[in-house]
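In structure tokens, one chain follows: the form predicted on its own.
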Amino acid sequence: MKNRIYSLLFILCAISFSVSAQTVIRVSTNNTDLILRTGNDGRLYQSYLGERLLSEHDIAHLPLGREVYLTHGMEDYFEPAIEAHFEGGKSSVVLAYVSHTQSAVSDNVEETTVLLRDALRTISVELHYVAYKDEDVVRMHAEITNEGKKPLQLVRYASSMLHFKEKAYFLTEYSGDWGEEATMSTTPLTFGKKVLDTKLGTRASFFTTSQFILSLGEEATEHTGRVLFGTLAWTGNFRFTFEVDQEGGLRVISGINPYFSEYELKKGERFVTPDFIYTFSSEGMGTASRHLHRWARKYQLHQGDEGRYTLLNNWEATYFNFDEEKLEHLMSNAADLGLDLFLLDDGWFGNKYPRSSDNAGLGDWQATKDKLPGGVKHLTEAAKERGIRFGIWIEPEMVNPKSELYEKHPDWVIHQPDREEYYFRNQLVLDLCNPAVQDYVFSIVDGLMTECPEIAFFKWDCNSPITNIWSPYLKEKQTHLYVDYVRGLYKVLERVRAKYPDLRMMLCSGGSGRIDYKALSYFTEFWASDNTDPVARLFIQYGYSFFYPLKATCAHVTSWNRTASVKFRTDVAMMGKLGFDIRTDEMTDAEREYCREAVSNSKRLASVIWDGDMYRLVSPYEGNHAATQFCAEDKKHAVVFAFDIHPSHSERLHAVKLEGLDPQANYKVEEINLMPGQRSRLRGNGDTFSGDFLMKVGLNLFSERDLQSRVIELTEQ
């Protein structure tokens, strides 16, 4: 009897010890908490994600929550984060907590690593969380290791799984097509699954971008609501799964799209998933955007703390039809406008198959002798003579069947060996799974830079998704193609950055077919859309502004929508990384004088527009007007852009309240970017107002006139 009592007491003590020894892992920023806890079963659960809790004591009162990285094959009934198949057809996985570490990367950055392991299967998972305290951003990924002697097959391998329990959920997603990028729409999430994914391989963001906004409880606004911004740093196929269960709980699973991507891990091999990046705000979407912008400029965007080159591109002026004389004339125009760089676009290469249209020449990266007898080097020298830099367009991952490269190396091309080839834009994709192809793609950049070391800028294009899906290099492991292609691309870009750290590059993909934060660790900027109609661009740039700082968004003045003035087109473009792609000879003297002044203002105000905090004052989705404000970090300087799109003559116009200013400071208000001889119609132009007045009463920024724009500078007195 005594032995039974002692045994019972021992069990009770063990249970008590297990509960009291519960492991708590807290991933914190200055304003947010992600809290993980172990359960009595030894597994790890997400107890909380939201505003930072002030008392450690309160953590014990949180519900245990859902398992942090749910597995396939056991007691869960919904979408798992991981599925793996083992020898003998076994597929269930149970992950128990083993250990964790937390270490300071810097005063502002802390990394948490959590090790989970299956006691029966030869698999372990490390969950990594990097918290950026001041910016309220968390970057997370998983590392999956085969700890056995036999290969295992990864079927699903999410970067992250997050859980929520709210009365309602609202998902804002981004969809589009060529010329219609970053179209925003918001819908409620109810029982069942909503999936955002892509299967395009290279142009992964062509129809939907790898970002989302999740409102919790009620639909968030710029200034109100609890909201999570999420994005995946992966330049390939992605998938977001939002699943609401029968109890109203939501799981959000983010990662590489498992479609045709089963991946074999041999003994000791580790699979590292891409980073999922999120920021949480309880003060609406504007705060969340500013979190991400500050983080990106400081930690992720290549040369994020440096300036950008204003430029003139030749594409709309010449298309494929140019020679040295035409290009040198355009260089002179670029210098006359005060721009930093001339960019030579498509059509400069190929000799056996000259690039006179998009059906030939890709892959043959030698200057066309008939067009450019002096080669690229002559053009770099011509630009230097005019006091500007030189940049050039390449599309190194692609090949035309009508090319010398294709004739020599059909084994370097992704295509089905026993089927008729399908061409997207008359081209195919090179097999970057192959190290020899990686060497070749790197040699394109390296060869140009070796021959012409004064090249300052590359426009790296990518116009085709992966079609004819079969890799000659991978042979029997075809399901590795989508993953290994992206990894091959990163290997090339790592080599470019290692050898040419100061080289600036634009990420382009037939518009915005490629935009993500992993790619932007190699590129200084991205091309948001081939659609440069300034009205359309107000919507496109607005959409991308939620996730990406405007200094990363290329915005060019072109001939699209000639009903809009050159001033209107330029004012829209000045909100991003300003460039011109226009026949400057067709502009009037007044328009050229205006553009020179706008370029000068853009450079003078770069620290405000490109590196300041952005405030979306009036959304173009709201109606007939739009307004955006940029405010310097020290609050001494601000710039406001205001646009009348297609106003109604009967509408009532209201003052627009500014944001982010010092209420105690006084600001001089002055309209800039005026056409020569134009007088400002801004009420209060030249006057001084307190920051308090400007934020509580505001300025009358709008008019009833079609396609009008204003740029207002505020300077602390």
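One rule holds for the numbers: they count along the sequence shown, beginning at 1. All of these numbers come straight from a predicted model, not from anything done at the bench.
Only in words, not in the display: the form predicted in complex with a small molecule, which the text now covers.
J.: Any idea which of 363-371, 210-218, 409-417, 523-531 reaches within 4.5 Å of the small molecule in the predicted complex, heavy atoms considered?
T.: Answer to the contact question: 523-531.
J.: Give me the residue from P620, G488, G286, G511 that has a heavy atom within 4.5 Å of the small molecule in the predicted complex.
T.: Filtering the options by heavy-atom distance leaves G511.
J.: Considering non-hydrogen atoms and a 4.5 Å limit, which listed residue (T172, N434, N463, T380) is close to the small molecule in the predicted complex?
T.: Answer to the contact question: N463.
J.: With the partner left out of view, is K199 within 4.5 angstroms of the small molecule in the predicted complex by any non-hydrogen atom?
T.: No - in the predicted complex, heavy atoms of K199 and the small molecule never come within 4.5 Å of each other.
J.: Is R425 close enough to touch the small molecule in the predicted complex, meaning at least one heavy atom pair within 4.5 Å?
T.: R425 belongs to the contact set for the small molecule.
J.: Given that the partner is absent here, does D346 sit within 4.5 Å of the small molecule in the predicted complex, heavy atoms only?
T.: D346: contacts the small molecule in the predicted complex.
J.: Considering only heavy atoms, tell me if F322 and the small molecule come within 4.5 Å of each other in the predicted complex.
T.: Heavy-atom contact with the small molecule at 4.5 Å: absent for F322.
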